[in-house]
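First comes one chain, alone, set out as structure tokens in the form predicted alone.
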Amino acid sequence: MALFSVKMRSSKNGLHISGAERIVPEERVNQVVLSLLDRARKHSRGRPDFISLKVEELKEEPVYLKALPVYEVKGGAPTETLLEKLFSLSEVPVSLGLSFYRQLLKGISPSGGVMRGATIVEVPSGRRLEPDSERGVRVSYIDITDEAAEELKRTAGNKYTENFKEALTLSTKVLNHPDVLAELCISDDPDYTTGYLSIKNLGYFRLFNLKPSGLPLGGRVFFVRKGVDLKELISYFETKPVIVSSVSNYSSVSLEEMEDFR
């Protein structure tokens, strides 16, 4: 059965507004195109003046993955205190992780704004590896099956959002690469303050109020091992089809309970 990638990107006055993608059988392409078109027109960041839709048949079979386990981090402690604890559970030095968290809040691109893609950071040096520091690196050719999405909606309950589903799908692909140690993400949507830190061999830690409400800055940072084959890594991110076909647990964890992950 042939599968097709359907991608949507929208912008206004040259500034990115939204993007989404699906991987679907040929008979669902028309339905998905209309759905993504409707989504582009109704985004909270405004009505776009440019919408791009791209449909292409996949040239290779997707890799099917189980979603990362999700841990909702309970509030009460300052955000940096939570991040400090989480980074201490990873192979990313705490000072390096917090440094890039602060950079995301200030505007991580050379121009001081939001990068179109993600930053790649070598651990432990902190050296940025992405070839274009304005564009960054995009993760593409991803989706989640309808069955897995329904199960995720059931397990997350009233904490489920479409943003969460898509972020978990993306992060599952990213952390599946053997040389990715962690991913930090803050949405650049001023109305969406929830973000996450995904850690190799642990899971996806969902953090609420990761940035001030109304701040139109954010982005993604991929922390990778020293000596990574950068060309292969970027090819994996940008071209390897991945579909999340099942989900793991969704639970909550406090600052004190994080010690159990050691």
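Counting begins at 1, following the sequence as shown. Since the structure is predicted, the reported quantities are computational estimates derived from the model, not experimental observations.
Another form, the form predicted in complex with pimelic acid (PML), is not on view; read the next lines as being about it.
### Message
I'd like to know if F222 sits close to pimelic acid (PML) in the model of the complex, meaning any non-hydrogen atom pair within 4.5 angstroms.
### Response
Judged by the heavy-atom cut-off of 4.5 Å, F222 is well away from pimelic acid (PML) in the model of the complex.
### Query
Is there a non-hydrogen atom of S109 within 4.5 angstroms of a non-hydrogen atom of pimelic acid (PML) in the model of the complex?
No, S109 sits far enough from pimelic acid (PML) in the model of the complex that none of its heavy atoms falls within 4.5 Å.
### Query
So, in the model of the complex, is R206 in contact with pimelic acid (PML) at a 4.5 angstroms heavy atom limit?
The answer is yes: R206 has a heavy atom within 4.5 Å of pimelic acid (PML).
### Query
Is T119 close to pimelic acid (PML) in the model of the complex, meaning a heavy atom pair under 4.5 Å apart or at it?
Outside the cut-off, so no.
#### Entry: Contact residue in the model of the complex, chosen from A167, V137, V180, L96 - any heavy atom within 4.5 Å of pimelic acid (PML)
Contact residue from the list: A167.
#### Entry: The unique member of S88, T155, T145, T161 whose heavy atoms fall within 4.5 Å of pimelic acid (PML) in the model of the complex
Answer to the contact question: T161.
### Contact segment among 79-87, 145-153, 186-194, 109-117, judged by heavy atoms lying within 4.5 Å of pimelic acid (PML) in the model of the complex
The contacting stretch is 186-194.
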